[in-house]
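Listed next as structure tokens is one chain, alone, in the form predicted alone.
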Amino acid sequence: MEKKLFINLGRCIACRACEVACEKEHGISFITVYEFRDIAVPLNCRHCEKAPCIEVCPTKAIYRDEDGAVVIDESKCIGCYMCSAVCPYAIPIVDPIKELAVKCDLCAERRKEGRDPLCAAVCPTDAIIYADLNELMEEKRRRKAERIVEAQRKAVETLAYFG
């Protein structure tokens, strides 16, 4: 199974390390952290399974790469911004210099080197992780099982104390 970017909103502390790292890596940040009264929402391309940007692109400049990331071939982009219009998150933006649509490519160069996208790599709270969904769920089940075992141990200790 391919890896995907997952965001746990409950863990985001709005430190903006992802934004800074993305801008340093790409010259423009493809992730924005929106802060609300009691929650922060890092918003970036979700690389949708049924990506409307791929379907609407008249020049087929947007495609899914071998890892499943939705990417833009700048040499084919004509700057019509239909991708921006249909994106449910309004993610593709205009590169002011190239006057073409640009968006997150999950750090394609880093992935070629076997490294995670930079936003996930720098997140200090693991609010952003790059993982295989099955592996992620297995880890969640393992942690849940550990908590059950710990609760069971405490219950036995409590019974022994009063016993």
Partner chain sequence: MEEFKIGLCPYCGMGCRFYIKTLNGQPIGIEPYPGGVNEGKLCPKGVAAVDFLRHEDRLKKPLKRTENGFVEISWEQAIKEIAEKLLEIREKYGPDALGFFSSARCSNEENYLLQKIARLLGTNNVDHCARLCHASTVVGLAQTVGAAAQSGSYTDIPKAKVLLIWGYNPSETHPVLMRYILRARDNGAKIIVVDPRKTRTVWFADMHLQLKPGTDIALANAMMHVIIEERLYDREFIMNRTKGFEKLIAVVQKYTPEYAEKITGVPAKLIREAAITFATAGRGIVMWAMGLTQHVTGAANVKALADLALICGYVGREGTGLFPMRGQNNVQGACDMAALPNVFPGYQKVTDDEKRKRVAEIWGVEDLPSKPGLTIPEMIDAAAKGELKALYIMGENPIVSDPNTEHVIEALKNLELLVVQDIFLTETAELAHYVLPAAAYAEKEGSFTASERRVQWNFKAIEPPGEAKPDWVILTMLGKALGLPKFDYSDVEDITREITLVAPQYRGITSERLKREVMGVQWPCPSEDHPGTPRLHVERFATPDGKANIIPVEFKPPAEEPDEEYPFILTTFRIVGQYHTLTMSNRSESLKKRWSSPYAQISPEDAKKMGIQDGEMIRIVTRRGSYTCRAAVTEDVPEGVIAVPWHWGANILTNDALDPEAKIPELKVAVCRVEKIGGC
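Source: prediction; values computed, not measured. Residue numbers count along the first chain shown, from 1.
Not pictured, yet referred to below: the form predicted in complex with its partner chain.
Student: If you check in the predicted complex, do 21, 39 and 123 all have a non-hydrogen atom within 4.5 Å of its partner chain?
Tutor: Yes, because 21, 39 and 123 each have a heavy atom that approaches its partner chain to within 4.5 Å in the predicted complex.
Student: Find out whether any non-hydrogen atom of residue 150 is located within 4.5 angstroms of its partner chain in the predicted complex, and reply yes or no.
Tutor: The answer is yes: residue 150 has a heavy atom within 4.5 Å of its partner chain.
Student: With a cut-off of 4.5 Å between heavy atoms, is residue 35 one of the residues that contacts its partner chain in the predicted complex?
Tutor: Contact check for residue 35: yes, within 4.5 Å of its partner chain in the predicted complex.
Student: Should residue 69 be classed as touching its partner chain in the predicted complex when contacts are defined as heavy atoms within 4.5 Å?
Tutor: Residue 69: no, not in contact with its partner chain in the predicted complex.
Student: Taking its partner chain as it sits in the predicted complex, is residue 29 near enough to touch it, meaning that at least one heavy atom pair lies within 4.5 angstroms?
Tutor: Residue 29 belongs to the contact set for its partner chain.
Student: Taking the partner as it appears in the predicted complex, which of 42-50, 123-131, 100-108, 59-67 has residues with heavy atoms within 4.5 Å of its partner chain?
Tutor: Heavy atoms within 4.5 Å of its partner chain in the predicted complex occur in 123-131.
Student: What residues in 11-27 sit within 4.5 Å of its partner chain in the predicted complex, counting heavy atoms only?
Tutor: Read in sequence order, the residues that approach its partner chain (within 4.5 Å, in the predicted complex) are 11, 12, 13, 14, 15, 16, 17, 19, 20, 21, 23, 24.
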